[in-house]
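We begin with a single chain expressed as structure tokens, specifically the form predicted alone.
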Amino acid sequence: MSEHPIKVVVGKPGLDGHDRGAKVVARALVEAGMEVVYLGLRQTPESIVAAALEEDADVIGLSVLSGAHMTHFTRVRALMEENGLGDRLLTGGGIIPTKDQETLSKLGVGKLFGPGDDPNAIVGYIHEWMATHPRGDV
């Protein structure tokens, strides 16, 4: 594992105003020793990726409850590739049907979580992913 703490940028893209879950997950990540930058509500994919670049983030986590998950995850993934962050993890959660999760996975999006999932499972997933995907290993 790397010498620095895992850095995660958490964003809420779009107009969805429900951020309780994102805050709970962000807190669990901090408690697990990760450095978390929570961007707050109503972010654009562009602002989220810009923050990830500025922060040199290892992980981008999106919280999408608005139903616009296909648009937001696809756009963020594309921007990550365009900006040299293709080797970083894009994960997140929300109300995302299994069929859409499968489609997003094929586009390079990591595991997605839903309401009621244990935040410790998210922590474990990020640790596991980081251990098996050193930077530069797309």
Partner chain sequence: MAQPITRPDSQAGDSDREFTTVSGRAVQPVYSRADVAPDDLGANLPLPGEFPYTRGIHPSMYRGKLWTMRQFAGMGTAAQTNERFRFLLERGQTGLSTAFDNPTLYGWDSDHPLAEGEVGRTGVAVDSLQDMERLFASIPLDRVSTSMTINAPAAWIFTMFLANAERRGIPFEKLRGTLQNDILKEYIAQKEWIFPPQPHMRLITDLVSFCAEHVPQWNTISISGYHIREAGATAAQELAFTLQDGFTYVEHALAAGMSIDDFAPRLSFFFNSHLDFFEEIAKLRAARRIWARHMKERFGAQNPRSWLCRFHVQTAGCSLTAQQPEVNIVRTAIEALAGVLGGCQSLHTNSMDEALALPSDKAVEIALRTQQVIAFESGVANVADPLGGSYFVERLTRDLEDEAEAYFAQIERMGGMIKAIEKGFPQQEITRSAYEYQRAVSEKRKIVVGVNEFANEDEQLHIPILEIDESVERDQLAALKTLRESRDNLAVSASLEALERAARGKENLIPSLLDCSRVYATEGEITRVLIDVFGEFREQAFF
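Residue numbers count along the first chain shown, from 1. The structure displayed is predicted, hence computed values, not measured ones.
A second form of this protein, the form predicted together with the partner chain, is not displayed here; the remarks below concern that form.
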Answer yes or no: in the model of the complex, does the partner chain come within 4.5 Å of a heavy atom in every one of 77, 108 and 122? no
| said: I'd like to know whether residue 112 contacts the partner chain in the model of the complex, with contact meaning heavy atoms within 4.5 angstroms. | reply: no
Practice prompt. Please check if residue 71 has a heavy atom lying within 4.5 Å of any heavy atom of the partner chain in the model of the complex.
Written response: yes
Checklist entry - Is there a heavy atom of residue 65 no more than 4.5 Å from a heavy atom of the partner chain in the model of the complex? => result yes
Exercise. Does the partner chain come within 4.5 Å of any heavy atom of residue 128 in the model of the complex?
Worked result: no
